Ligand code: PXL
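In the form predicted on its own, a lone chain appears below as structure tokens.
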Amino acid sequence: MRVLAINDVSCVGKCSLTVTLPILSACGVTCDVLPTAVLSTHTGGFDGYTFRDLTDDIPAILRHWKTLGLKFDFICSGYLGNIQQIEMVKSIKREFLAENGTFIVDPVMGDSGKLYAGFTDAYVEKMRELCREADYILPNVTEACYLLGIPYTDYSQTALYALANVCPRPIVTGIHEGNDILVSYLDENKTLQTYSSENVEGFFCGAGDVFASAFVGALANGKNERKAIELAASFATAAIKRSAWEVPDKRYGLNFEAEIFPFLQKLND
């Protein structure tokens, strides 16, 4: 299996490609990458970080790939820094996704009810268009609300049915319910299903990237959607629990490496 991961490179603060590449490689999957930007650190709590937009570099990379005849079984996109990059990803799907391949969009736009800095309503509309072309989308609650055009405070589980009009297989992460945190999705019968994990207080950078990467890795290993969600959610939860007491400065990301072996054992059962 060959996966193309389209995302940024945050050199410090484990997230995006520095999470996706090791997890997919551990899953026994070839992971090729298309960086959308290079940052000295991610933007979640660090000041003075550097940011280099790689939009102008992408066309030449794609031209070279076309000469190699590359095709990917999975294409998964994450952080896209501007509308031009969203349009590029649409073209990449058309030109590089193998026949019967799977296109997965993590519509990285915001958290805690707010868009990330620099994103606009026009960006949200373009991201919605990209999600319409996906086989799966993996928004958090904030991103689901922006895709639907509803207030963050109005989100409920029934919103998943409306989200299925954007993409037939939406998977919403980070839903708080009592002492639990849920992943919700629609099964093959369009019945609402949830996977529940213990909620750990705090903000853990890169948790969504761990989930998304493990989900793709499980699908690439032949697991069905439900099993892939269970494996990815349990892996992310285990990494969060460990990091809650092992990682003093949560800006530096999850200690997911220490939980990879148990995850792989479950993956290969």
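What you see is a predicted model; the values in this text were computed from it and never measured. Numbers follow the displayed sequence, beginning with 1.
Absent from the display: the form predicted together with this ligand. The rest refers to it.
Remark: residue 35 does not count among the residues lining this ligand in the model of the complex, judged by a heavy atom distance of 4.5 Å or less.
At least one heavy atom of residue 116 is located within 4.5 Å of this ligand in the model of the complex. Under a 4.5 angstroms non-hydrogen atom cutoff, this ligand in the model of the complex lacks residue 62 among its neighbouring residues. Although the partner is absent here, residue 15 lies within 4.5 Å of this ligand in the model of the complex, judged by heavy atoms.
Here is the short version: of 108, 134, 92, 160, the single residue with a heavy atom within 4.5 Å of this ligand in the model of the complex is 108. This chain is displayed alone, yet in the model of the complex one of 26, 200, 39, 238 has a heavy atom within 4.5 Å of this ligand; that residue is 39. Contact annotation for the candidate site: 170, 194 and 225 all lie away from this ligand in the model of the complex (no heavy atom within 4.5 Å). Only one segment in the set 204-212, 66-74, 229-237, 53-61 has residues whose heavy atoms sit within 4.5 Å of this ligand in the model of the complex; it is 204-212. For the partner-free chain shown, nothing in 167-203 comes within 4.5 angstroms of this ligand in the model of the complex, judged by any non-hydrogen atom.
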